[in-house]
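Shown below, as structure tokens, is a lone chain in the form predicted on its own; questions about how it binds or moves come after it.
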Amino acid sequence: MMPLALDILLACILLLVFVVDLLLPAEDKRGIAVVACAGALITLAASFVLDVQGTAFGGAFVNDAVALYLKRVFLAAGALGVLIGMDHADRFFPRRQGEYHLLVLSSLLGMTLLASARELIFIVVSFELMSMPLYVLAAMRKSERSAEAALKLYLVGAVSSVVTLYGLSLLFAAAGTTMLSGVTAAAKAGNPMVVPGLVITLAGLGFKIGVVPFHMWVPDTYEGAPTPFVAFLSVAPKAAGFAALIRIFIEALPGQKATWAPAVIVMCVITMVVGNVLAIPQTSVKRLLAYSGIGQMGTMLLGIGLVTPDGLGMLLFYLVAYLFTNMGAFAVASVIEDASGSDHLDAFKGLSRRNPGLAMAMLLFLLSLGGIPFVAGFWAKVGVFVAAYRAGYVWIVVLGAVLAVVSVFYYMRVARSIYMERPVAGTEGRVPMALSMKAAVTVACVGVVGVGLYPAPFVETALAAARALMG
């Protein structure tokens, strides 16, 4: 049972949160968030202490180096997400904090299981365990905007699940088994059902990670859903989508890369261009970060399309850099939105005078998203494009450099509002921050700067995991 130890531990913590919610008085449930955050951190720490590598359920579940790496990313995102949402849950639904954190942990459990899934039904069930709590979390605020965001997230999620399930059913028809090893054998035998199955599965997973042309839900959902939840939604479920792509395409079907890799490359290039170009005219910071995130997904998808250990390794490293950077940026956006009631660029004007520490944190996150030396995002982008250069995609490197300049332009619009413009009338006072949010922003800043100044351990671990998977 050791390969399942982390997942079992997380499930036990989920049950503990449920019991604590029953025992705490309805008037004071803030302690639930502490239990949930501590539980995610304890599980994360256990991943470094316990020897959990191995297989279970006849090979349908595997805890290899890639699965373990991804689980650490999910657990770190979960702990940071709980920390970011702690004060929000306490203020807006104080009697339902147990539900909020229980749903976050349930989604997190689906992600950790998905990272280890090597069987088609297991993949589908893990995806649904991850996705269904997200639909409820998006509507927890019970406002008109949240309801709209939740409905869009649900509808797109349902469509993507149906499309993915249909694609996987074709792979099952080709293999005669739900094990990924059987799909590999069917592909080697040249079964004609494999190619349409791959194409449809790629489309379904494209919805999950929000790449073009399956991105339409991202800006509206990010804008309408509660911002602390969006911080979690923008990172962890996307990383889970990449986990499924890695298992199905990189691990099971590397021999078919001539079929699917060109489609992935085209998708990644279009996504990079569309995301960065559409971010330029945005005046809502949440929508700007949404389109920026679409562009970032395109860059990460390049790590899949290269089908090389370097490309996969730098994708894994990119997920760590993106975790601290994007969740930190949305945490700051949440603080500003709570203080001013808006996420418009005007709400950020004069932030350097109203809260210098928060302004500096947002600047760090923007620099990291733009790939400016020497913060975490810089090494992530450089690593992916170096892998692309080594694989012979020089034109993508040139395009990436041009789009990096474009991204700096719209990120610096936010920085200009923060440092070079006066506060709008009525927003001159100091921006308050809850202690939990201060802790979350501080952790994100430490992650961005720490990974930026000393990326070697993260890069080496990611490359080692990728090379172990790809031989």
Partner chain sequence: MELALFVLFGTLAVLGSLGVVLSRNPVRGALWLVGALFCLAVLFILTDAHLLAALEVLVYAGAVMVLFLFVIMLLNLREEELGPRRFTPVKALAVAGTVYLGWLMAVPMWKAGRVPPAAPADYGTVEGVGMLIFKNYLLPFEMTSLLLLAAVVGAVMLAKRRM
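Numbering follows the first chain given and starts at 1. All of these numbers come straight from a predicted model, not from anything done at the bench.
In what follows, reference is made to the form predicted in complex with the partner chain, a form of this protein that is not presented.
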query	finding
4.5 Å heavy atom contact, residue 15 to the partner chain in the predicted complex	yes
Exercise: residue 192 in contact with the partner chain in the predicted complex, heavy atom 4.5 Å	yes
Contact label in the predicted complex: residue 378 to the partner chain, heavy atom within 4.5 Å	no
Close approach of residue 5 to the partner chain in the predicted complex, 4.5 Å, heavy atom	no
Complete contact of 187, 212 and 254 with the partner chain in the predicted complex (any heavy atom, 4.5 Å)	no
Among the candidates 278, 270, 360, 200, the residue which, in the predicted complex, approaches the partner chain to within 4.5 Å (heavy atoms)	200
Position in contact with the partner chain when the complex is considered in the predicted complex, options 391, 382, 102, 261, heavy atoms within 4.5 Å	102
Stretch in contact, per heavy atom within 4.5 angstroms of the partner chain in the predicted complex, of 75-83, 270-278, 137-145, 240-248	137-145
Residues of stretch 121-160 in contact with the partner chain in the predicted complex (4.5 Å, non-hydrogen atom)	121, 122, 125, 126, 128, 129, 132, 133, 136, 139, 140, 141, 142
